[in-house]
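Next up: just one chain, as structure tokens, the form predicted alone.
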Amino acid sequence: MIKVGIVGYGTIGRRVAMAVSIQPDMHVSGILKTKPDYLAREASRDFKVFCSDEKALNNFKEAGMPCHGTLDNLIDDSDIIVDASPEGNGKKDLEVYKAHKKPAIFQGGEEPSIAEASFNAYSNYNDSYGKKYVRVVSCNTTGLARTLSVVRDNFGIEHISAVLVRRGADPNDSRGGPINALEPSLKFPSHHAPDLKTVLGNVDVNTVAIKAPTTLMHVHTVQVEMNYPATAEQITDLLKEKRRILLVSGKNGVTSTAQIMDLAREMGRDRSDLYEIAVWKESITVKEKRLNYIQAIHQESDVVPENVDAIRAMMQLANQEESIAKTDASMNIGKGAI
């Protein structure tokens, strides 16, 4: 059993902790919190809680909440760390993990240079095999890499153009925005294009992002110039084979992100999460070598199975197919088309 420490217990950290806890070959050694808030109290029901430093340790003691030590203790008790701390902390944390000679996984908010490899289970699992420091790419990049890797592997890719309509904030974030506006990124391409190249290869890609006043999901419109011609039926069948891609249809009442998230609730998932990338079947159109489709990303959860697979790759526990199959089975991923 690989002992996994989780640094940070926010949107991603708490989900990764639960996902790791149900794996047959992993165990959560503990989670790290900086303050004794409601999340720390809830976490203590299932996991050992560690404090970030001596000051935090005293704050937990004053709040009457259990704390099993500091970051150093958590690292010593773990075989590998999943760092899900706030964006930008990774560079500082990396030096701590190196001092303890412990491998670590970082999230997509960190720069690619922080790690030996960026990770996506479908598109480049083997690049992280046996590596000590790996970065799981962002929720948007994960969604693009999953579907585009299917196209790349079967028809080749000459050019990608994607428009990303992004949620304004996660549901628990009252500070996000915009409120009554659409806010386009003014950098062309957006940061998603170079990030996608870290896991998909040196493809020609252009992206633009637009922030919207919603907390539910991201939506991508994707256009691909393929190396070889295909049909919409061929693309649809290939996507359908992948458990982490969910084909949805407006004919069945799924016409917006609201219905997709309602569907996720009906699946009975932990926190109503949707680990799969939802692709509208009607949007899959092909004219010779030009492919178009529209997909939706649940930004809170699509990277969670990727973190689990990254652990197996780094610890050399399983090959790509074996790891994905184990993760999907444990997390009930892959219900087919809706």
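In case it trips you up, residue 1 is the first one in the sequence shown, and so on. Computed from a predicted structure; not experimentally measured.
Not pictured, yet referred to below: the form predicted together with a small molecule.
- With the small molecule omitted here, the record of contacts in the predicted complex names 33-41 of 33-41, 268-276, 62-70, 281-289, defined by a heavy atom within 4.5 Å.
- Of the listed positions (Asp153, Glu87, Asp262, Glu158), a single one reaches within 4.5 angstroms of the small molecule by any non-hydrogen atom in the predicted complex, namely Glu87.
- Distance criterion of 4.5 Å from any heavy atom to the small molecule in the predicted complex singles out Thr11 from the list Thr11, Ser330, Gln320, Ser21.
- Although the partner is absent here, Gly109 lies within 4.5 Å of the small molecule in the predicted complex, judged by heavy atoms.
- Taking the partner from the other structure, the small molecule in the predicted complex has no heavy atom within 4.5 Å of any heavy atom of His192.
- When the small molecule is considered in the predicted complex, Val303 lines it closely, a heavy atom lying within 4.5 Å.
- The small molecule is not shown here, but in the predicted complex it comes within 4.5 Å of a heavy atom of Asp170.
- Three-residue candidate spot Val7, Lys92 and Gln299; every residue lies within 4.5 angstroms of the small molecule in the predicted complex by at least one non-hydrogen atom.
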